[in-house]
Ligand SMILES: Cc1ncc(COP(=O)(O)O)c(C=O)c1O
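The chain that follows stands alone, in the form predicted on its own, written as structure tokens.
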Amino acid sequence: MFDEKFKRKLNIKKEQGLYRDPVIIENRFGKFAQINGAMILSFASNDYLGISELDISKDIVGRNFKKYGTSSSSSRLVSGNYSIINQAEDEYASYFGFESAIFYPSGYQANLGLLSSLFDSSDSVFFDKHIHASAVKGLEGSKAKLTSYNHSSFSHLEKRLSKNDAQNKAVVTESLFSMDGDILDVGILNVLKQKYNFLSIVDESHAFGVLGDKGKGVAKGVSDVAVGTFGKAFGLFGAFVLLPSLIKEYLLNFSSPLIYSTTLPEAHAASALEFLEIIENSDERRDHLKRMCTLLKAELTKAGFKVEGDAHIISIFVGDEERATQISSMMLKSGLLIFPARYPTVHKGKAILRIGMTALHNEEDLEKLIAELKRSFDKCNVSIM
């Protein structure tokens, strides 16, 4: 019966070293997570600027939820199209330099709702093999002809584009890749865009708030549509899509995850407006984060680790899934929380330790991280090189 099927599949996951059993976080205090009563230094957070736990952030959210209530109580198309939501969307579009914007309940829903809705069987969509799982699911839900290209290989993308004669073509990629940590070469993508005239959709969820002038990302000027999330550098929850007004109108009529979901509450939109001001005035946090990331990558490379990452996401190659889990577990016992990214999050046999840096980390934290990485790799008999 079903129980036996579920048990069998779970056992296979365990045998492959792919079983998921997330630790329970009892509380969070800045860069520390409380686990089993102990204060654990976390390198597994996407709160890149440390905004979510600022007193001012808590005050903003508390005040707005008290004012507006806890729920929108409706989908956007029934009675949830509140003026404050439209105002917030207009402000986000203006800040990032787009014509319009639309909010979604989550980043996953944003990619799913956007990419499953835009394309039909006459369209061809090309996507980087390392885009987020939500984007893959969104594309799979469309009727487009889908073609992948090797990660960040624009020569491979051009070969694909040159052999395709579809009238409507689109390219889907990320600006800062969520696992590899590398940054999109916007210049080359723009050259291809001018040559092949495709619709450019760039997921900037991990870049917005941190990279670019005032946190405005790296792909402005080449992205026709950009996806962002409030749940990372913005320290809130939900997501936003920056886009032309025509595409916003289209999504309001064709995007099922938007049409059939209760919209984010008014209090969220009001808070998002105020958080945008915090983001704009966070140059000091961005500068400190950049310095810490540059230092960490240099020191890890010097120590002999195989390291990737151009900004605040740094990946350390392990390879074997079970070994990555063992190293992560050993580091947790030593007081550090590190995420072991394994298949299907990354390719099989390409497991990594994903380091999420925040503006709350300092040089002492980095020294502790490197020392514990060396010790854990050695105890697990994993070669650093």
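One rule holds for the numbers: they count along the sequence shown, beginning at 1. From a predicted model like this one, the values you see are computed outputs, not experimental measurements.
What follows is about the form predicted in complex with this ligand, which we do not show.
- The candidate stretches are 68-76, 107-115, 85-93, 249-257, and the one lying within 4.5 Å of this ligand in the predicted complex by heavy atoms is 107-115.
- Distance criterion of 4.5 Å from any heavy atom to this ligand in the predicted complex singles out Ser178 from the list Thr147, Ser200, Ser142, Ser178.
- Residue in contact with this ligand in the predicted complex (any heavy atom within 4.5 Å), chosen from Lys169, His132, His268, Arg285: His132.
- By the criterion of a heavy atom within 4.5 Å, Thr229 is counted among the residues contacting this ligand in the predicted complex.
- Heavy atoms of His312 never reach within 4.5 Å of this ligand in the predicted complex, leaving it off the interface.
- The closest non-hydrogen atom of Gly235 lies beyond 4.5 Å of this ligand in the predicted complex.
- Interface residue remark: Ser205 is counted as part of the site for this ligand in the predicted complex, having a heavy atom within 4.5 Å.
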